[in-house]
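Just the one chain here, laid out as structure tokens, in the form predicted alone.
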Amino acid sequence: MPPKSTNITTEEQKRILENSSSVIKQQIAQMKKCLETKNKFMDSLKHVSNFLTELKTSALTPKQYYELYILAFDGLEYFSDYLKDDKPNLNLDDLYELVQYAGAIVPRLYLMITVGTVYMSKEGAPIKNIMKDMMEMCRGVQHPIRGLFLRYFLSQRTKDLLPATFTDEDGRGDLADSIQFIISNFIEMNKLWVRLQHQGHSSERLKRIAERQELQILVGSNLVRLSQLEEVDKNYYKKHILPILLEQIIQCRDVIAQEYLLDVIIQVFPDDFHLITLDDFFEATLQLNPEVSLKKILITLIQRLIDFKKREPDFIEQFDALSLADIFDKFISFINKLNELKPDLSGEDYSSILETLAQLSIAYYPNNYDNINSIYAYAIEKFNTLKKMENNQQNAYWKSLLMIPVESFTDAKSLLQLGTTYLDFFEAQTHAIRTTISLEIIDKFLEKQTKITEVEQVDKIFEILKTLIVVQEDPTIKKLGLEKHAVMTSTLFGNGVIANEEALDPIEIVLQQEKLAKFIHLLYNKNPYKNFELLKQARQFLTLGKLRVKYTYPTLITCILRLIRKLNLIKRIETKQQKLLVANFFKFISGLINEMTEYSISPPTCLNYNLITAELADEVALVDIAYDFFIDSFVMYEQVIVDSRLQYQSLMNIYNKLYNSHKMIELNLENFDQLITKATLYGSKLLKKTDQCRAVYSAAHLWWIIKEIDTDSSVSSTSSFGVSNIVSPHISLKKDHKRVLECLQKALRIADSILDVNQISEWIN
């Protein structure tokens, strides 16, 4: 066996491993040969002792030592199988005593455990005494690596041999003795494991940490074995097992050991065991080494309980050993103690703990919004404390905490049930975080197509979405005390204000506003009048966006027009009272269009909405309102539409809407005549003569209007060519031969004055 050295190179370690492996294999082969030969049993014991001697080395890393251990383990398994076969000349009691006279302690103990466990498997064996004997003898190996593997071997060999019931048969021991055996082995292994950290030079600290992480599974195997004892119930675990485990974990004061072992306890023991031991567990965590990551431990525990709730909801509801209403309160009580004992806990860790706690509350108490409110109250308090202490920008890790209700609630509207603490915490974050959260909330509503049906809900959701609505001030301009000024257009080209930032918005802003516009469609109530109130309330927030209303107001207008059409379809715009109510809808649209006009937002679009609204007002027989919208359109045409091509296109649109204003012709012909006269005059004043000519002869149609009547019958006639034509019945709403003639003559004179021979098409028209 090589001498012990602390400065062995990697190459030397490889050489030692190869030599030791070769020796073990050779000795195992010799052992097998002796066992197969009569009267060679004592020689085989010598070969077993020889290959076990190689396990005395201290020169190998844990991984390399494990390779030797596996080779030796295989050899001992073969030897054990031989002993299990009944041999007439072999007395296990005498052999168990004999192997304890081996010279070196490591081979002696491995042989003792091998023979002892075979002896335990025999009928009538004194199991309890053998367990105690092996446990005491293993204390003789105090080298961390050798001792850990020796005790791991003891755990493996006795796994299926320990008493499994609480009934003590003939003094052979019971389950309590088995539990004591496993716990004692765990305590000793943990001491060896922790001791490894303090060996060697301080410069090798990281190396020791890596070695300990490689060995941690050996220690954790004892806890796994405890969790596999079927006769142990949650009450026995609470009284007799967990207190001893927690005491040992606390006393070791080692960060790596405490974090790992608590994680193993959480992972291996049943979920209902954790539910009744929360107080004990929390009390222990507060006594851990200050450097232990409580975040990791608590998140693991909470996530385990959440998964249990999702996996077995029926079992949770029938759980009688604990009032489930206490679970959240226990965690809150722990948070209070944590704040007292560790006021310097980092914001990231605190946020992560609150995040998983919020998930727990939603999983166990989905309708208890007070729990979530209290979590955000704690978050605000910690956030403000850290802000004063750190005096820096808010950290992004709080974003995950804000996302919990968005991601965890199945019904998106549950978010609106939260109190003011969520909004207060939301508003304390950076603009970037608030924007991200707002977009996620909109996505949630859009994905589920969740409708907002109450005014109070509109207020709550738009308080959050206000981040997307309000234009963020430029910090540089704000710091210098400057203001953005709009660019005034010359009166020569029309009056209005065109803001310098209206021209081009960043693509991300455009996408955000488009998503916000989609969200407006979710403001819905079956009652059109209540639906109108929702949209009115939304406008109170959308107007704060100033120039950004160009993205959202068109959607608002469309929604209002849809409501009016719905009322008309169900014949709710017939009485005077109903018409007065619907007049408010049109007044609201007018306000939206006027506001867009003030910001000079796409004048052709504003004009088009005016004309669409005028057409709808005429359709529902509110001709005075239709007249007002046409007048507004004319004013907009005169003051805002300055491009000659746009003027012509806008005028054609006006002509089209006027031609279809049949109710105004029937109910107020005087107003209609004023409108078409003014419209015709606009056509004659266009800049280009070709546009004048087209506009004037198009205006001739406004003085001769025919309305088709929808009936089931139709008139059939035969042309001079023998072709049968279907003629729909119609009536003449307006016939003014004189004005039609004047328009056509005016158009001819304009066409005659056009010098360009290429404009012959105007003559043809």
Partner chain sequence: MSGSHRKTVLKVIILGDSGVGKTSLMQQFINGKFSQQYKATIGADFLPKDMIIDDRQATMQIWDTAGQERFQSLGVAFYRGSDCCVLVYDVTNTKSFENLQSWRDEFLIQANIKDPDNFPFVVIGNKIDVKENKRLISSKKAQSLCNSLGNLPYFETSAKEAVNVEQAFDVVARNALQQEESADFNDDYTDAVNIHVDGDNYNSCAC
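Rigid core: the largest C-alpha set superposing within 1.5 Å between the two forms. Numbering follows the first chain given and starts at 1. Nothing here was measured: the structure is a model prediction, and the numbers come from that model.
There is also a form predicted in complex with its partner chain; it is not shown, and the following applies to it.
K.L.:
Within 4.5 Å of its partner chain in the predicted complex, do we find a heavy atom from each of Thr37, Val224 and Phe273?
P.N.:
Result yes, every residue of the spot touches its partner chain.
K.L.:
Using a 4.5 Å heavy atom cut-off, state whether Ile70 contacts its partner chain in the predicted complex.
P.N.:
It does: once its partner chain is placed as it appears in the predicted complex, Ile70 has a heavy atom within 4.5 Å of it.
K.L.:
In the predicted complex, is there a heavy atom of its partner chain that lies within 4.5 Å of any heavy atom of Gln287, even though the partner is absent here?
P.N.:
Answer no; every heavy atom of Gln287 is more than 4.5 Å from its partner chain in the predicted complex.
K.L.:
Would you classify Gln216 as touching its partner chain in the predicted complex, given a 4.5 Å non-hydrogen atom cut-off?
P.N.:
Heavy-atom contact with its partner chain at 4.5 Å: present for Gln216.
K.L.:
Answer with yes or no whether Ala29 is in contact with its partner chain in the predicted complex, where contact means some heavy atom within 4.5 Å.
P.N.:
Because a heavy atom of Ala29 falls inside 4.5 Å of its partner chain in the predicted complex, the answer is yes.
K.L.:
With its partner chain left out of view, choose which of Asp329, Glu473, Glu77, Asp170 has a non-hydrogen atom within 4.5 angstroms of it in the predicted complex.
P.N.:
Among Asp329, Glu473, Glu77, Asp170, a heavy atom within 4.5 Å of its partner chain in the predicted complex occurs only for Glu77.
K.L.:
Give me the residue from Gln156, Asn656, Asn568, Asn373 that has a heavy atom within 4.5 Å of its partner chain in the predicted complex.
P.N.:
Partner contact (heavy atom, 4.5 Å) among the options: Gln156.
K.L.:
So if I measure heavy atom distances to its partner chain in the predicted complex, which of the stretches 263 to 271, 358 to 366, 597 to 605, 330 to 338 falls within 4.5 Å?
P.N.:
Looking at the partner contacts, the answer comes out as 263 to 271.
K.L.:
Check each residue of 138 to 153 against its partner chain in the predicted complex and list those with a heavy atom within 4.5 Å, in sequence order.
P.N.:
In sequence order, Phe149, Tyr152 come within 4.5 Å of the partner.
K.L.:
So that I can tell if Val696 moves, could you say whether its C-alpha shifts by at least 2 Å between this form and the one not shown after the core superposition?
P.N.:
No, shifts by less than 2 Å.
K.L.:
After superposition on the rigid core, does the Cα atom of Ala747 shift by at least 2 Å between this form and the one not shown?
P.N.:
Superposed on the core, Ala747 moves its C-alpha less than 2 Å between this form and the one not shown.
K.L.:
Return yes or no for Ala538: a CA shift of at least 2 Å between this form and the one not shown, with the rigid core superposed?
P.N.:
No, its C-alpha moves less than 2 Å.
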